[in-house]
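Next come structure tokens for two forms of one protein chain, structure 1 first, structure 2 second.
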Structure 1
Amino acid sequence: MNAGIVKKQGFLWEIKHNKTLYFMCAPALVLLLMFSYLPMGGIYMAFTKFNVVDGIFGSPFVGFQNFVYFFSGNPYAWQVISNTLILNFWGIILGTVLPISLAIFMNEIKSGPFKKLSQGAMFFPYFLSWVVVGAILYGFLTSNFRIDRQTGETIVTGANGVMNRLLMGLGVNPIRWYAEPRFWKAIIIFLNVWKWSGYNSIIYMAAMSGFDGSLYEAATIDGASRFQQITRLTIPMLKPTVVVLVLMSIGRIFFGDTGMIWGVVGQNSTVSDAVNVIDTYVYSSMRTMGFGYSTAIGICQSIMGLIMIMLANFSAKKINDGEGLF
């Protein structure tokens, strides 16, 4: 009898009784197949010396030559990998702490008009393109001066940006920001966190809107202060949301934002080496090394990202008693 029940509730039974739902999913599944799975045949390009005339499957097969050159024959590769990991690591840390702090602060604000105005101001940077952000940054960091070699005096030769005017007002020598690579990792991290913190804080505020208010009422009756309620109730209840978002970010830790780097730095070769990421290197290598080499790097990014998210998810489930992404 149990076998009969299992047989009736098999694949055909599922299709028959939920055919309307599967029919509704069909367009999305077709698009997923067309744009996500069928193009995966192009992965073969990574193992060839691709040329347009012969096509993907007609180009000379070179095996793992593209992969070997990326990891052993190209010293610049390790630099872009290091840049990508550093920028993403601090982006994950600061991009988690700051949005949570903003969400908690906004949740504590009781004034309706001020709260809405503050949320709008925080969300506004999300709508700015990186080209606009780069232009705003240029206005802050413009450097138009020269140093007299004999006297060491700073001679202004044109209008300086806000930061250099501030430094000069404090009696500090101005800085040629666009000629000093050592500052740009911090600048890129700051801009990335600034642009996305407002958007991410909305996610945490949405999660907090579903918290049980009776818990806070009980804590108030027991004499808990607002700070204690935040540390003992709000933050622990936000943990599942934090875990999911952090795990998703870790899965992208080997991927960089090409639009961000080129929108902010542009073609400035002086500072680009300090902030170039794997994705910008991939795009540049298409013109010099070909599509096969670029595809090989893309595959490496995906594999390393998969390994990282699997390890992070395994660790999260161990630490949080089975609480992970999957």
Structure 2
Amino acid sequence: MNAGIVKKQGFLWEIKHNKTLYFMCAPALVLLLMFSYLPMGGIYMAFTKFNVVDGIFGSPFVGFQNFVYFFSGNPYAWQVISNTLILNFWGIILGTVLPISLAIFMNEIKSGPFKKLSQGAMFFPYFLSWVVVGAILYGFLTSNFRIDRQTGETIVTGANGVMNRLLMGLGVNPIRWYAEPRFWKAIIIFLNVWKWSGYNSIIYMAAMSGFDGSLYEAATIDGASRFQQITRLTIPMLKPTVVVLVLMSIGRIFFGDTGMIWGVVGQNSTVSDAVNVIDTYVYSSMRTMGFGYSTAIGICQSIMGLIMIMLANFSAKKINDGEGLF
């Protein structure tokens, strides 16, 4: 090989030759460096007893002490891990079934004002922040009543939300929702599915719009009912899309949505034990247990996340003939 060509195709030559294009990449790469890659150096904090005065690299080194503390004799550790897994498990199941149902039914009805209106309504929750969802939820769950000690009668003492008015209308005792932890896992799962289903159904609708129409024509000629067309054609053909989306969610099964939990539950410590996830625990222990400890938990989570996403990618390749997640 001739030296001139080698030089011409070298790294510097490429940078110089395409300098405008690399310049166009620069702002995004700088942002990634600032907010994603440099913080990775901060992982070192997990091995220190961090204090602000000595900074990240000056604080005393304590080895794996922070990790050991998280996993041994800390009741919160298993609680937040199991909360995260339970919320995500039901989120994945319901968050897959409902959007697919919506997409299939959307396909079954004629286009017209009803279709437009219901589609518009379905996506609406996606546009709201969790804080707004939390505020709206308050109108459903707020409770102001007391039970008379002698007669056992319910006495309304102020505004009651839609749920309590419904219960009282049915002759059932109202509930102090914000003081009853047992309902909150279900409430959070419901809200999560409610907020995302419309948006996720778009992805299935997109997949369905790519299906071969002649298959359905042939099925109609052969006398297949609409129901059979759904179960024998649409659902099997959706399988690759479902596999990809479900595996992606499984890859993130150790991650909770702090915004969701904090936006909806706020600083209500009575119910938060029922819905605290790893992420919210990291946030609250950052204030109470120190930065080193909370970094250690975050790292365990990130590593588990990396393992899960690799496994998910591997499974996706197995199931979908070599098509991975990324």
Partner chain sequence: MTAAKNSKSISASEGRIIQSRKDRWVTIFSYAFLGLFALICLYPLLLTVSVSFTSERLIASDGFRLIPKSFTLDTYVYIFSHSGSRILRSYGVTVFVTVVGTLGSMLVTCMIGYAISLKELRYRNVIAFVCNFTSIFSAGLVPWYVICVNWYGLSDNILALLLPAMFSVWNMFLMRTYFSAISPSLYDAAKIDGAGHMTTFFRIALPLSVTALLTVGLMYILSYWNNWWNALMFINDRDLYPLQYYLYSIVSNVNAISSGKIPAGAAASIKLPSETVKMAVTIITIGPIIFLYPFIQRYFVRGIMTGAVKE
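By rigid core we mean the largest C-alpha set that fits within 1.5 Å across both forms. Values in this document were obtained by computation on a predicted structure and should not be read as measured data. For residue numbers, the reference is structure 1: its sequence is counted from 1.
| query | Quick one, which of these two is the form predicted on its own? | reply | Looking at both copies of the chain, structure 1 is the one that matches the description.
| Rigid core superposition, residue 273 Cα moves 2 angstroms or more between structures 1 and 2 | Residue 273 C-alpha, core-superposed: shift of less than 2 Å.
| After the core is matched up, is the C-alpha of residue 113 off by 2 Å or more between structures 1 and 2? | Yes; that C-alpha moves by at least 2 Å between structures 1 and 2.
| query | What is the Cα shift of residue 17 between structures 1 and 2 once the core is superposed, in angstrom? | reply | For residue 17, the C-alpha ends up 12.8 Å from its position in the other form.
| query | After superposing on the rigid core, how many Å does the CA of residue 306 move between structures 1 and 2? | reply | Reported C-alpha shift between structures 1 and 2: 2.9 Å at residue 306.
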